[in-house]
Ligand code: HEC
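Next up: just one chain, as structure tokens, the form predicted alone.
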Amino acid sequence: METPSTLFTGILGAFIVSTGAMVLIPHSQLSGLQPQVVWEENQNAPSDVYPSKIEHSLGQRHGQRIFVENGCFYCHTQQIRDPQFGPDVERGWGPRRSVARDYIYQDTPLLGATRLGPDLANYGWRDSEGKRFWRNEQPKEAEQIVRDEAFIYKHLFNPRARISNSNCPSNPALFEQREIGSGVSPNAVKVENGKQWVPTASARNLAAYLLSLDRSHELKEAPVAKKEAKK
């Protein structure tokens, strides 16, 4: 009859051996592999490789946490559908469909499931001159709305101030009330009775995160459908 110590040693040994064989050894063999893309001569540009890892600033990473904590991913997806399955590209949410390698460097891809608000996968989409391409309105309306930091703050504070049919809930907790003092802040979303409501650090970081979202680069399996968004 085996003693308890012998039985324990056997179980521990089996655990160590199985962990080494199934976890540690495969990790040492595969963790250093780099993603690669093979393209045919004269058909695919050498620039068509896995996207470089985006090094988000500390503020942008905090903004992503605010995005999650406020449940924004419940109503906003970050995945552009293929044109044959939906009009996402036509709406101006991005120049191509989303594919798996768009999310390779994301610890927690915020794909979303229910789209009650517009897709945000390319909210920070710009051209080489810095012009914003992302849009969610008809051309004439798009000319009147500049979706910069100031717009994001106003939308967070009172979504229906600029978009009358918006389903987005207001987020007053992302703002703080201050005395006007020497002057009104350029980021103030409301001024009343000698006080102003200004965005907190969380609101500023959330805006920075949203404006960093851009997956407009062309890929082998996802060519750009439109080089420019409609104006």
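Just so we're clear, the structure is a prediction, and the values are computed from it rather than from any experiment. Numbering starts at 1 and runs along the sequence shown.
The same protein has a further form, the form predicted together with the ligand, not shown here; the description that follows concerns it.
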Wondering, does residue 105 line up within 4.5 Å of the ligand in the model of the complex on heavy atoms?
no
Using a 4.5 angstroms cut-off on non-hydrogen atoms, would residue 110 count as touching the ligand in the model of the complex?
no
Interface membership of residue 116, the ligand in the model of the complex, 4.5 Å heavy atom rule:
yes
Answer with yes or no whether residue 99 is in contact with the ligand in the model of the complex, where contact means some heavy atom within 4.5 Å.
no
Based on heavy atom distances of at most 4.5 Å to the ligand in the model of the complex, which listed stretch, 194-202, 181-189, 25-33, 166-174, is the contact stretch?
166-174
Does anything in 62-79 come within 4.5 Å of the ligand in the model of the complex by heavy atoms, and if so which residues, in order?
67, 70, 71, 72, 75, 76
